[in-house]
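Only one chain is included here, represented as structure tokens and corresponding to the form predicted on its own.
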Amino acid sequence: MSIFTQQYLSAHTASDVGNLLNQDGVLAIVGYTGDCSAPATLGLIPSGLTSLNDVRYEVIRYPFGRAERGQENGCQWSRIGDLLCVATWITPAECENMEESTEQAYNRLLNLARSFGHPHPFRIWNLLPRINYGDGDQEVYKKFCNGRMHAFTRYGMVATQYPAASALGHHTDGAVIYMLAAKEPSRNLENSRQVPAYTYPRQYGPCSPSFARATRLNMADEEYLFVSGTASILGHSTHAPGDFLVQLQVTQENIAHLVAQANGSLSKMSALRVYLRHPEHLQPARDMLEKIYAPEHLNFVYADICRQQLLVEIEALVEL
């Protein structure tokens, strides 16, 4: 039985969520209900995303007691032992200046984590509205990358310390950024089929994306690989623009190659979020991926990908 898990749940009500959050070992719950506003319930993280296969919630479990929870400095936090989860929201109005608002949001998250004695973020999710809106350097995603880089630099983080991450676009207002942080540093892993994102050439924006392809962390004597959002990118170029099935195959190959580099196994993968730009791609995605992974480990999510030519992105958790 894995110590750390991300479990997908369907058909749960708000009262069920409250009951779950009061259980031992429940660190946080991510909601797939299409809402992206700061919640009144501590420990609940509305993501703005919606699931295409009826997942309503994702429960993050770490079975070492009852979670402590709180709210301060514009963040909500949950902590069990040596594991901290922190979330912060950006209002719709603040999203109009995505670069500055992202920098401020990251400053809040990183400073709070450091003050709690968990100065090492190892997995971050960035869920933004209209991620592909704007031309050239004015695109929302590029402005987000600028703000994130500024905050990391201010925090004293260098490129080889950037954690695993995903950045997706949802279809409602506001933004949420949430992260998992540890007391000890993780080890980052790059994919030899791809150049590190933080070395992308200038065509991808003034600041390269600040994340590792995966991070490797030991928790309670078990080792895990957190695979970043992965897409049909070879080198730094989008492969097979417009061809969903080829992109899905290349994405899967990229993940398999990365997991093999870590001496891991696809059979130990779980918590696969499969982000689909177009809902009509749900069935072909299921047809391919359910041959490889158990259906309970798959969550197909309606989301925009960081590059307009990309149609699918997948992230995962691997027990090593």
Ligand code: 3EB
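A residue's number is simply how far along the shown sequence it sits, counting from 1. Keep in mind the model is a prediction, meaning the values are calculated, not measured.
The same protein also exists as the form predicted in complex with the named molecule; that form is not shown, yet it is the one meant from here on.
K.L.:
Quick check on this chain: which one of Met149, Ile233, Val176, Leu83 has a heavy atom within 4.5 Å of the named molecule in the predicted bound form?
P.N.:
Spelling it out, the residue with a heavy atom inside the cut-off is Ile233.
K.L.:
Determine whether any heavy atom of Cys306 comes within 4.5 Å of a heavy atom of the named molecule in the predicted bound form, and answer yes or no.
P.N.:
Yes.
K.L.:
Check Ala182 for me: does it contact the named molecule in the predicted bound form (non-hydrogen atoms, 4.5 angstroms)?
P.N.:
The answer is no: Ala182 has no heavy atom within 4.5 Å of the named molecule.
K.L.:
Within a 4.5 Å heavy atom cut-off, is Pro209 in contact with the named molecule in the predicted bound form?
P.N.:
Residue-level check for Pro209: yes, a contact with the named molecule.
K.L.:
Does any heavy atom of Phe122 come within 4.5 Å of a heavy atom of the named molecule in the predicted bound form?
P.N.:
Close contact is absent here: in the predicted bound form, Phe122 is far from the named molecule, nothing within 4.5 Å, heavy atoms only.
K.L.:
Using heavy atoms and a 4.5 Å cut-off, decide whether Ser166, Tyr200 and Gly229 all contact the named molecule in the predicted bound form.
P.N.:
Each of the three qualifies.
K.L.:
Please determine, with the chain shown alone, which of 166 to 174, 218 to 226, 93 to 101, 245 to 253 has non-hydrogen atoms within 4.5 Å of the named molecule in the predicted bound form.
P.N.:
It is the stretch 166 to 174.
K.L.:
Any residue of 75 to 90 with a heavy atom within 4.5 Å of the named molecule in the predicted bound form counts; write them all down in order.
P.N.:
Not one residue comes within 4.5 Å of the partner.
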